[in-house]
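Next up: a single chain in structure tokens, the form predicted alone.
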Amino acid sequence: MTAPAYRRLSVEERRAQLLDAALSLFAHRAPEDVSLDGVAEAAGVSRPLVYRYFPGGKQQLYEAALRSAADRLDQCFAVPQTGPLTRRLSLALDHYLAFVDEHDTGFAALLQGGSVVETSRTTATVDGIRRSAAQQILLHLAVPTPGPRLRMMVRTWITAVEAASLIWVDEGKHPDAATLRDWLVDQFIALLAATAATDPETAAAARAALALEEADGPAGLLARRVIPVVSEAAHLL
């Protein structure tokens, strides 16, 4: 049997190979615990070759890997803008939590900061992920240029998703991802309703979104669970 012919990788392919190797290491270790030797070994190449593609060393490689991860996270919320809003949020969260599950240690290091390789550029990259996610949600609400209350509401929810994800990893990924997803969707509906009570722009967005919801969908189920709880506070009306 003849051995397969050797194929030299293009510059783009080699760079992608090194970034994949780096991401696999950053996914499960804190950035300061990843070495260039480790990346070279994971990629099956020499250390000088890693330096050839990333002459800035580990810092440049980390920033490039972080940017690659950010691009993947950006795509989590870029789901089709059709159907009920809760269905879109559920799909986006499925993608997001799958990424968190795959990159648990690296995800925690990414969001919590404090790494010795953290710089203003890495901080800006992480902030860009948050802003991009918020903008995607606003597009799903059909409000691309929102006022301050609605914009703050969406960014608050993105922060809650991040915090819940970090706690989820810290708690050994309990409850399961589907339960966490449903709870986060419920939080979005509740936050949207609370903001709509005092902000006309949010109220209009909420009415449009709820009009597409189904009785047996997340919004309908949440309403039926909440009504009995609220009815016990009838004395407040």
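Here the structure is a predicted model, which is why all the values come from computation and not from measurement. The numbering used is simple: start at 1 and walk along the sequence shown.
Below, we refer to the form predicted together with another copy of the chain, which is not included among the displayed structures.
Novice: Would A70 sit within 4.5 Å of another copy of the chain in the predicted bound form, counting heavy atoms only?
Specialist: A70: no contact with another copy of the chain in the predicted bound form.
Novice: Is Y51 part of the interface with another copy of the chain in the predicted bound form - any heavy atom within 4.5 Å?
Specialist: No.
Novice: R47: heavy atom within 4.5 Å of another copy of the chain in the predicted bound form?
Specialist: Output for R47 is no: heavy atoms all beyond 4.5 Å of another copy of the chain.
Novice: Heavy atom to heavy atom, is A223 within 4.5 Å of another copy of the chain in the predicted bound form?
Specialist: Contact check for A223: yes, within 4.5 Å of another copy of the chain in the predicted bound form.
Novice: Okay, which stretch from 167 to 175, 61 to 69, 22 to 30, 37 to 45 lines another copy of the chain in the predicted bound form, with non-hydrogen atoms inside 4.5 Å?
Specialist: The contacting stretch here is 167 to 175.
Novice: At 4.5 Å, heavy atom to heavy atom, what parts of 202 to 229 sit next to another copy of the chain in the predicted bound form? List them in sequence order, or say none.
Specialist: Sequence-ordered list: A203, A206, R207, L210, A211, E213, E214, A215, A219, G220, L222, A223, R224, R225, V226, I227, P228, V229.
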